[in-house]
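Two versions of one and the same chain are coming, encoded as structure tokens; call them structure 1 and structure 2.
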Structure 1
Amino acid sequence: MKILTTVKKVVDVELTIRIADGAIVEDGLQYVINAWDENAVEASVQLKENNGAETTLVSIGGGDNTDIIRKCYAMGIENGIHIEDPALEKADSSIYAKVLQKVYEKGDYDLVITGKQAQDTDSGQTGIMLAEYLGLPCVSNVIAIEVIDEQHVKVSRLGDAGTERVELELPAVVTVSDSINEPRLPAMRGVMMAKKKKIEVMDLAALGTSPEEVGGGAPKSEVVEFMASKTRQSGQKFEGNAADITTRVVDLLVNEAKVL
């Protein structure tokens, strides 16, 4: 089985994000692998270990992605492709999906595993759109993948009515939730080996496409302004005798907040 995993480099969401003049202030930011993509990498590597598979990752944009791709190598991914092109600066999910389509078509993959969402966009669109463009079956928000045979996998998805178990005919696309696994910490040996591995870097021309073909010149939507989110004020905090402060808070919930 050939598996393609998508990995995006995103801003570290645990750090403070400042905004000035409608844009995010670069100073002080750090970049990491999108958390849900770490789950996708872990899922791919587990399939490789348990069922035998060839694993490739692709990452689009982000400038120097050496660190994050090496981390995925150290986790057990075998091949890495990095697509970097100035025409992708304003890319939306649909454009990333079209670039991924090109990568897919060059590689003859059986299964694409994406994260369910990128932590910088919180969009949750790219993998699903990729499947649409490729005409492949797709299940999103997946929490388990089980190989049935060369042509089929069975996946579990968290849906509105409960856990849906779906049999997918390959090739197919799945987007994974963080509930699917606990990404491993790479072993030292893996980290050393990863340093020697090559990363295939390409622009759109090398990928056999053009900015126009992937919609790069005209994103369907674009962020025109970043704004600070409404922060909640911290309210009244009570310390001391449990009975006293709890009684006091219940009184406030009833008479001040009027929610009880």
Structure 2
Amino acid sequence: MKILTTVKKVVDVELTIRIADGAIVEDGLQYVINAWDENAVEASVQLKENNGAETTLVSIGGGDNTDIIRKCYAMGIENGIHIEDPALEKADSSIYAKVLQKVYEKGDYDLVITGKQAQDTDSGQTGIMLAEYLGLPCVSNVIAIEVIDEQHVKVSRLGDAGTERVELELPAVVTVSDSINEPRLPAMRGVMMAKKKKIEVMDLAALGTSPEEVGGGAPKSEVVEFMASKTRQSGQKFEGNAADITTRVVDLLVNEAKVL
């Protein structure tokens, strides 16, 4: 089984992100592997360890994406592809999916594993769009993957009414939830070996496509403005006897909050 795993580089949302003039202030930003994609990497590595799968990772972005790919090498991914092209600077989910379609078609993969969503946009569209462009079956929000044989896998997904079990004929696409596993911390030996491994760097021409073919000149969606979320007002603290406090709280709920 050949597995293609997708990884996106995102802003570390654990840090303070500043907004100025409707844009994110780039100074001081740090970038990390998208959390859901890290779960996808772990799922792929487990399939390699338990079922002998061949694992390949693809990441789209600038030169510093190589650090992301090398971390995935240290986790156990075997092959890495870095797609770097200036035409993809403002790519949206649809364009990313078109590029990934070209990567898939060059590699003849059996299973594509992506994160359910990206922690910077939270759109959750790329993996599902990729499946549509490829004409492949797709299951989203997956929390378990079980190999039945060379042509079939059984997956569990979190549905609205509980856990759903779906059998898929390969090739197929799955997008995984962060509930599927706990990503491993790379061992020092893996980190050192990852520094020496080759990364295949490609632009759109090397993929056999062009900015026009993947829609690079006309994204279907665009972020027009970032707005800082409103800060939560501090609550009120009441002191005194219970009867007086109850009277004051009820008065505020009726006349100010208007919830009673």
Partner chain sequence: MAKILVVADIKQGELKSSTAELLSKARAIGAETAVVAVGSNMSSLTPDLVNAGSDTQYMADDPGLELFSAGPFASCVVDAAKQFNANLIWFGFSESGKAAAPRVAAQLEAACATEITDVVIDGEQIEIVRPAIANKVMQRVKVNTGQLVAVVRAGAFEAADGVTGTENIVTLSPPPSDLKAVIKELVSDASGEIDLADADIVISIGRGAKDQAGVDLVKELANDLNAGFGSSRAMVDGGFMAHNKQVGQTGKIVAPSLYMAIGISGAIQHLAGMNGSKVILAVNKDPEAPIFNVADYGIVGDLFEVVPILREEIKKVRS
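We call the rigid core whatever largest set of C-alpha positions still superposes within 1.5 Å between the two forms. Quick note, the numbers are simply positions in structure 1, starting from 1. Values in this document were obtained by computation on a predicted structure and should not be read as measured data.
Answer for which single form is the form predicted together with the partner chain: Of the two forms shown, it is structure 1 that corresponds to the form predicted together with the partner chain, while structure 2 does not.
Smaller rigid segment rotation relative to the larger between structure 1 and structure 2 [°]: Rigid-part rotation, C-alpha based: 34 degrees.
Per-residue C-alpha deviation between structure 1 and structure 2 [Q236; rigid core superposition; Å]: Shift of Q236 at C-alpha, rigid core superposed: 3.5 Å.
Per-residue CA shift, I245 (Å; core superposed between structure 1 and structure 2): Reported C-alpha shift between structure 1 and structure 2: 10.0 Å at I245.
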